[in-house]
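Heads up, the chain below is alone and in the form predicted alone; it's given as structure tokens.
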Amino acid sequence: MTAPTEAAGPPPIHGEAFSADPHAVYDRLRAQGPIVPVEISPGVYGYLAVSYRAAVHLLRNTPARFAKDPAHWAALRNGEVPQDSPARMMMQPRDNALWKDGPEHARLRRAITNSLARVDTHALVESVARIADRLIDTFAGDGRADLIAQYADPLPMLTVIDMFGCPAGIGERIVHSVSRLFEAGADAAQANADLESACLELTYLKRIRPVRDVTSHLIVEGLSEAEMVQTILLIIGAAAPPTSSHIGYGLRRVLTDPSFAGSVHDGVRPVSDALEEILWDNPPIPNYCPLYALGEQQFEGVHLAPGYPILVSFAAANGDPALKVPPGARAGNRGHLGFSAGVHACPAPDLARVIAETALERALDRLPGLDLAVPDGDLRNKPGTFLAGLTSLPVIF
């Protein structure tokens, strides 16, 4: 297999055609091999791991054979990635655990895990329920709502902002900037700058007036200013937009899938089952975790050239027919890669589950007779390589 270059014409994993039916694209790519060349965003090329075996091989062999550090990205080193590229904003070097290898990664990840371990899960449930009720109160009397714009999108972000002890003004800037960054649109570079500025302001504030919140816990871990900014950005970015998508997909599932719609309301099956199936079928982060081969490598007959990013398609890997995990066996099965795997796996999946489960339960409790206001087939996905989700979820109740 040749290196992924423009001349080779690799298929795009961006744009309207991809977003309309990404799973069909994954199926076509998987027919070509376990790891295939792709265009990540306009003019940005790399590989995509589309089989479960390939994804696990990459994740389990990091950092022994595959590095996270974008210093290995040849096109970035050579100035060939446009400054305003959406892929650059999502894949460029940052002073946080996601982009480090070895001892530096271990130190920065330990700061995150130590800080998140101090989050009181009982208080978190109460916080999510309080925020959920406040959001629902704004439309409960209308009999109809868009549960994406009015509920699923704002709820996780407001929850995480609360966890970080963010004042309202800084919190609003972070909310707006994170959403723009994950949309990977034309203003991604400006969104990144705005987000870094807000995170730096929050860091300065908490150094002066620390309290019992995640920002203050990170400061206690001894992170530098640059590390604080990028670690706050990492945690908020990893926790809020993906959880918003998870909630949106979960609400859709319990409203449209007969195996959940009846039993969830009857209290027979918990919403956690619906949410676990979403992590199999439509993981909120479908393609990410860029890695770089340390030297020329082979995997199942595929040649991997160093210098090119290799993205892991969690969505394609989970849908790999070779897994032979039927849909009926996915509820409660955590063999998916929805939270990644290996040393760079999500450091706090249980906190994400608490937020999503509480959000679904509050919506089902507060909105009697909840049903879709449009046919399920009319619902559309957000465009994007790195973040999956619904554009809207119109309901009546």
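All residue numbers are counted from 1 along the displayed sequence. Everything numeric in this text was worked out from a predicted model, so none of it was measured.
There is another form of the same protein, the form predicted together with a small molecule; it is not shown, and what comes next is about it.
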If you check in the predicted complex, is residue 329 within 4.5 Å of the small molecule, heavy atoms only? no
Non-hydrogen atom contact residue 30 with the small molecule in the predicted complex at 4.5 angstroms: no
Can you work out whether residue 64 and the small molecule are in contact in the predicted complex, taking contact to mean some heavy atom pair no more than 4.5 Å apart? no
Is residue 315 close enough to touch the small molecule in the predicted complex, meaning at least one heavy atom pair within 4.5 Å? no
From the candidate stretches 106-114, 145-153, 78-86, 199-207, select the single one in contact with the small molecule in the predicted complex, where contact means a heavy atom within 4.5 Å. 106-114
Under a 4.5 angstroms heavy atom criterion, identify the one residue in 254, 195, 91, 235 near the small molecule in the predicted complex. 235
Answer option from 135, 223, 279, 310, heavy atom within 4.5 Å of the small molecule in the predicted complex: 279
